[in-house]
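We begin with a single chain expressed as structure tokens, specifically the form predicted alone.
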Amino acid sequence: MTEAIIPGAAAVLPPAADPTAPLSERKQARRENWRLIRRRPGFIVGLIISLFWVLCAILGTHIAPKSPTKFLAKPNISPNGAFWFGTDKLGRDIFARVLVGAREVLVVAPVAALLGVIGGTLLGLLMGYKGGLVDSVLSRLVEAVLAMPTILIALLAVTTLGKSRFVVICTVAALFVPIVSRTVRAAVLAERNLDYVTSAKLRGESTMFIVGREILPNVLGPIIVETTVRIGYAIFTVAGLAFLGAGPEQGSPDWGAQVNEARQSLNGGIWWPTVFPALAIASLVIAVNLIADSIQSVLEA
């Protein structure tokens, strides 16, 4: 088996990471990695849970047994045969609201995570390949941003600029850029002095070609892992902002907003309006992390 240097470390990667391998061999290695990932129990479980919530986000209002917004019964009815998750303080069906509440999170979080990974990848490629003064200045800026509490920055930005979906997406994406850039920078630093990069420089290839066609394909492993991990963090961050009142408007079935509205009821022993939305958040975050762990374990095997 051909061995290569793993981006950002001194470990051994499967042949997919070997930049000198023929294209057909690299494609075959990628197919083999994908086959191994699909056989991981954690990946299967995580994918099933994630697809369930994606289905709820798409078809929530159509598959929910009751309306998530209408006042259907007495307030704070405990879970029973008629209302599986009980009712909230306004008499709305919590089960229907949990199903429909997946939509806001699954629209905002993946988009924010993807934008953050794209921005962080571009910044990390620049820092890692250029090095020198460019790397030093940008690294200090990244460290300064990472030293600040993430949720406080997000809360300040959203309360200042507004609670619109666009603002939340841009805020969360901006918070992920420095985190992702550090990972990509470390991977590029491990690649930029290898023989295939030196060969490309001697051929007179442009910087864009070397970075985009030579280095980037060989650091895709860490980037893919970062993408899945960031989706999980984005879900948690978006729900956290909604819980703190910096998310959707009052009355929204968003999971974080539901937990925020019902948290005071816990003092009276009314646990169901808070627990079920919180469990939904936890299940989706865990599912995404299971997928991320499965991908990482195969790529780093």
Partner chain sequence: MKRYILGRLLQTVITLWILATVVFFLVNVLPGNPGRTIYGNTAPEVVVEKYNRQIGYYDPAITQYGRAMKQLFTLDYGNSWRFNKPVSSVVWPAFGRSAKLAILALILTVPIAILAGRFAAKRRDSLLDRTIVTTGLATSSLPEFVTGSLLLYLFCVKWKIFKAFADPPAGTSFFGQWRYLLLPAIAMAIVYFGYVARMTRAGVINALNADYTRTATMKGLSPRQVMNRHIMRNALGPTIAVVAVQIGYLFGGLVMIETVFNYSGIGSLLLKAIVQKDMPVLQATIIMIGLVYMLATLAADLLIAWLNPRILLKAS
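Values in this document were obtained by computation on a predicted structure and should not be read as measured data. Numbering follows the first chain given and starts at 1.
One more form of this protein exists, namely the form predicted in complex with the partner chain; it is left out here, but the text below deals with it.
Proximity to the partner chain in the model of the complex holds for none of 65, 224 and 261, with the criterion being a heavy atom within 4.5 Å. Checked against the partner chain in the model of the complex, the residues 107, 186, 90, 155 give one hit for a heavy atom within 4.5 Å, which is 155. The single contact residue among 174, 72, 146, 134, judged by any heavy atom lying within 4.5 Å of the partner chain in the model of the complex, is 146.
In the model of the complex, none of the heavy atoms of residue 60 sits within 4.5 Å of a heavy atom of the partner chain. Proximity of residue 78 to the partner chain in the model of the complex falls outside the 4.5 Å heavy atom cutoff.
By the criterion of a heavy atom within 4.5 Å, residue 271 is counted among the residues contacting the partner chain in the model of the complex. Residue 141 belongs to the set of residues with a heavy atom inside 4.5 Å of the partner chain in the model of the complex. Contact annotation: the partner chain lies within 4.5 Å of heavy atoms from the stretch 147 to 155 in the model of the complex, the single such stretch among 91 to 99, 147 to 155, 78 to 86, 116 to 124.
Annotation for 269 to 286: interface residues with the partner chain in the model of the complex are 269, 271, 274, 275, 278, 279, 281, 282, 285, 286 [heavy atom within 4.5 Å].
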